[in-house]
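One chain comes next, on its own, written as structure tokens: the form predicted on its own.
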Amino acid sequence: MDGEELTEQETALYDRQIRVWGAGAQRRLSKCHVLVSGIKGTVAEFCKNIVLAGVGSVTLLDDRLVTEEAFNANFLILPDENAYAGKTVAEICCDSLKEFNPMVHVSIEKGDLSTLGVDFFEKFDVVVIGYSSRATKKAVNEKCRKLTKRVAFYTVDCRGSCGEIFVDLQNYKYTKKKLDETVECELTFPSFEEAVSVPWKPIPRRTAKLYFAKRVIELFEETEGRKPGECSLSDLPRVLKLKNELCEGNSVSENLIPDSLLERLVSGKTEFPPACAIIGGILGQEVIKVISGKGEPLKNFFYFDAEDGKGVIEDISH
């Protein structure tokens, strides 16, 4: 991704950030191609951040027609029926993002993410999947891992004021400063399927409760044939029953996952914009870090809960 030198126009536009992370990192950013799927509030924040940072291209995939629900927390969609009538979320967000930075190529793809072949993902360096089912996350992650080149894979989900980011960089090398010298480091990441299949009993009890709660919600939506986020308070009794079954199957106490947290997740259809800004900001920062090869990436889950204002990194591996 090193490619050619920056143009004079790019150097002038990105002058401030070049001073922060250097011309080499900016050059790698300008040659990077990012695929983004599922554009709700948090993903909109992420897209804005990487477009302003100056990535080479952003491809949007979201065939949902724009409705009143779609522009909840998504500032890329203006609440004007005449502007979005008959258009998809990707089409409207594409137009908005082009205005943020005309030097970044923003385009759309159509189709069902889960049915796209392995070759489709070959043209991207980074794949970000927002608000998708457990099965889709597993399938796309597996396709990215089958490629001969390494594709950085991320998932992100925000429900109410709670959010989760998952990261799979496979075998990733990076540099970081240690005292007065720069040292080379390497991390090995598990796939999404591996990370969500870890038995609960050996996981430290201090681990974020959101990790376990998200696994319950994902499994509930999958077994009930629901789309991601298609839960309501009326589902809570069955969600709690599933939680108890999972806790029993993993030989852990039912108190591991507070009922109140699951209640918030099943009723959190509306994203909390400040949480979107924070989670989207973290995700943008992580992607820029990985493209530039500078700094230690988070491994492999990040959780944020606006209720206590804490962001937590959890390394969940076999």
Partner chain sequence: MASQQQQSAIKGAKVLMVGAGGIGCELLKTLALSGFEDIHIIDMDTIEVSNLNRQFLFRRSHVGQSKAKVARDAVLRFRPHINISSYHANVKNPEFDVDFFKQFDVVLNGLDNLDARRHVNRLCLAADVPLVESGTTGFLGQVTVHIKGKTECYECQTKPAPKTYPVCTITSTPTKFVHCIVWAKDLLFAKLFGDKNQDNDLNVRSNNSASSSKETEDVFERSEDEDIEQYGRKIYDHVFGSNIEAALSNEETWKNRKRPRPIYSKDVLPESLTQQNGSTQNCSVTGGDSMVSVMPWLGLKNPQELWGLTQNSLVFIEALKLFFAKRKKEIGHLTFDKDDQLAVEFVTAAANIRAESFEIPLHSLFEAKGIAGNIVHAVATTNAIIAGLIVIEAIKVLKKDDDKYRMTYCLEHPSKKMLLMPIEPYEPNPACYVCSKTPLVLEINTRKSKLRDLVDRIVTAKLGMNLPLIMHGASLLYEVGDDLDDIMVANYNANLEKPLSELPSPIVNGSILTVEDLQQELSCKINVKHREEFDEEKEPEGMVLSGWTQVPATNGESASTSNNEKPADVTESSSGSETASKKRRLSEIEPSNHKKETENVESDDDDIMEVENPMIVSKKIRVE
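Positions refer to the first chain, counted from 1. Since this is a predicted model, take the numbers as computed values, not measurements.
Heads up, the form predicted in complex with the partner chain isn't pictured, but that's what we're talking about next.
Undergrad: Would G293 count as touching the partner chain in the model of the complex under a 4.5 Å heavy atom rule?
TA: The answer is no: G293 has no heavy atom within 4.5 Å of the partner chain.
Undergrad: Would S191 count as a contact of the partner chain in the model of the complex, using a 4.5 angstroms cut-off between non-hydrogen atoms?
TA: Output for S191 is no: heavy atoms all beyond 4.5 Å of the partner chain.
Undergrad: I'd like to know if C247 sits close to the partner chain in the model of the complex, meaning any non-hydrogen atom pair within 4.5 angstroms.
TA: Contact check for C247: no, nothing within 4.5 Å of the partner chain in the model of the complex.
Undergrad: Using 4.5 Å between non-hydrogen atoms, is N255 touching the partner chain in the model of the complex?
TA: N255 belongs to the contact set for the partner chain.
Undergrad: Based on heavy atom distances of at most 4.5 Å to the partner chain in the model of the complex, which listed stretch, 191 to 199, 94 to 102, 223 to 231, 133 to 141, is the contact stretch?
TA: Checking each option against the 4.5 Å cut-off leaves 94 to 102.
Undergrad: What I'd like checked is whether E5, I18 and F302 together line the partner chain in the model of the complex, meaning each has a non-hydrogen atom within 4.5 Å of it.
TA: Per the other structure, all of E5, I18 and F302 touch the partner chain.
Undergrad: Which residues within 258 to 277 place at least one heavy atom within 4.5 Å of the partner chain in the model of the complex?
TA: Result: P258, D259, S260, F272, P273, P274, A277.
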